[in-house]
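Only one chain is given next, in structure tokens, and it is the form predicted on its own.
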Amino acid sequence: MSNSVTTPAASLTELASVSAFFSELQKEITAASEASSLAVLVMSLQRSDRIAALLLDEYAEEVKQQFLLRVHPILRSKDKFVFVNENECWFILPQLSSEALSVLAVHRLLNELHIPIKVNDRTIFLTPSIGIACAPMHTQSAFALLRIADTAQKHAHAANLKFLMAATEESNQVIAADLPELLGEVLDANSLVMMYQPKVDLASRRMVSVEALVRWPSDHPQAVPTNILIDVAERTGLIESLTLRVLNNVMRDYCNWKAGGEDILIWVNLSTRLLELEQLPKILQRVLHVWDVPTSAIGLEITESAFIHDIGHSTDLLFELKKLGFHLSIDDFGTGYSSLAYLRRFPIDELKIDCMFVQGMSSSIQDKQIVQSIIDLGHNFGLPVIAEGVETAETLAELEALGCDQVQGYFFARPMTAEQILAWRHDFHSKPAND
């Protein structure tokens, strides 16, 4: 190992070569387990001064030192890295209690590297894209793990994403080569299925709203998980068509409920790519106008990582949506890289804690601390906090003790059809609140 760095970044463990990286990676993989995983990050810097870095050795070394000063506060002494070339860096993050912690580390790295590096009279802009792979989740082979992380990095770069967690082998197996064509056919036939999952208030033990969840038709010969469905729609430019189908189906169900005397707030997820559409507010308004549904009947859930691309645009968009009367929620909160800034700037109504942290609470002190911090942060800003992915009585009890406001997950109910949700709510509300 090399410790040639003389800056404060000297505490970081830099490996002397790619060969040393592989040896260290395999050793850490052998020690990894379900309770203590590791992550490999493949980072392409895509730096603005690549030619100068190739030609000027002293200059390249100075930029490297500045880079290490940036990442030093993020990485632990047990983390390891190697510079493969002037434009690429690999990291090993061992002994993680949850794969979610690798996502947090990536967001923090991106936040630090967003600010240009200055060396003498030069200003260097970095545009990183990062691929993440974890052991034992993805594989227990050092070479395969690095290859998986590298593939994720290439996909992230091609999709103009800052980072991408590698898909599991199971999710890769279900992707058919003709899936974009199949999706177009399903959209044309309007055969996507809408399911609804309740959000339950912990104090009253009553359903306060539902989240709309789109599902691939169950009778289709090709099975497609929802995350793959959304990913393909975004990559192939079908996300707007998909969202319009979802909205129209949701409006239909809302109107049917309303006609029966039921007024239920419905939360709808907005994809990252959809937020880039300047005409999004008008699209939403048009659909609601056709169905004569007020904007106050709809909540919009926006994934926190969607804000990374353009904070200014996101802020303007959210204020416009809020002015129209929509409820707004930050989904998967805790996986982003500037959460406090969001709460200060955005007109949001609630926070949803990412299920990765919720489901890891019972076995991970770090995850429980993250959940507690998010709950406290939300309450300090006067926002209710919702935990998703609640599956056990133990997790529910912990969330109640931490002061969480609402929960969503299999412990209370799995996603249901529009007809089933009404029957479930009637039965659920007929029980005593302390059951």
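Quick note: we count residues from 1 along the sequence shown, nothing fancier. Worth saying up front: this structure is predicted, and the values here are computed from it rather than measured.
One more form of this protein should be noted, the form predicted together with a small molecule, which is absent from this view; the next part is about it.
Engineer: Find the only residue in 298, 321, 93, 212 having a heavy atom within 4.5 Å of the small molecule in the predicted complex.
Structural biologist: After the contact test, the surviving option is 212.
Engineer: Which residue among 314, 197, 151, 98 has a heavy atom within 4.5 angstroms of the small molecule in the predicted complex?
Structural biologist: Going through each option in turn, the one that passes is 197.
Engineer: Only one of 126 to 134, 79 to 87, 269 to 277, 251 to 259 gets a heavy atom within 4.5 Å of the small molecule in the predicted complex; which is it?
Structural biologist: Selected stretch: 269 to 277.
Engineer: Please check if residue 391 has a heavy atom lying within 4.5 Å of any heavy atom of the small molecule in the predicted complex.
Structural biologist: Yes - in the predicted complex, heavy atoms of residue 391 and the small molecule come within 4.5 Å of each other.
Engineer: When the contact criterion is heavy atoms within 4.5 Å, does residue 191 count as touching the small molecule in the predicted complex?
Structural biologist: Contact with the small molecule, no.
Engineer: May I ask you to check whether residue 226 falls inside a 4.5 Å heavy atom distance of the small molecule in the predicted complex?
Structural biologist: Yes.
Engineer: Considering only heavy atoms, tell me if residue 350 and the small molecule come within 4.5 Å of each other in the predicted complex.
Structural biologist: The answer is no: residue 350 has no heavy atom within 4.5 Å of the small molecule.
Engineer: Check for me whether the small molecule, as it appears in the predicted complex, comes within 4.5 angstroms of all of 332, 359 and 415 - heavy atoms only.
Structural biologist: Checked in the predicted complex: all three residues contact the small molecule.
Engineer: Have a look at residue 108 and residue 319: in the predicted complex, are their Cα atoms closer together or farther apart than in this form, given the change is 3 Å or more?
Structural biologist: Farther apart, by at least 3 Å.
Engineer: Relative to what's shown here, the Cα pair residue 355 and residue 108 differs by 3 Å or more in the predicted complex. Does it come closer or drift farther?
Structural biologist: Relative to this form, closer in the predicted complex.
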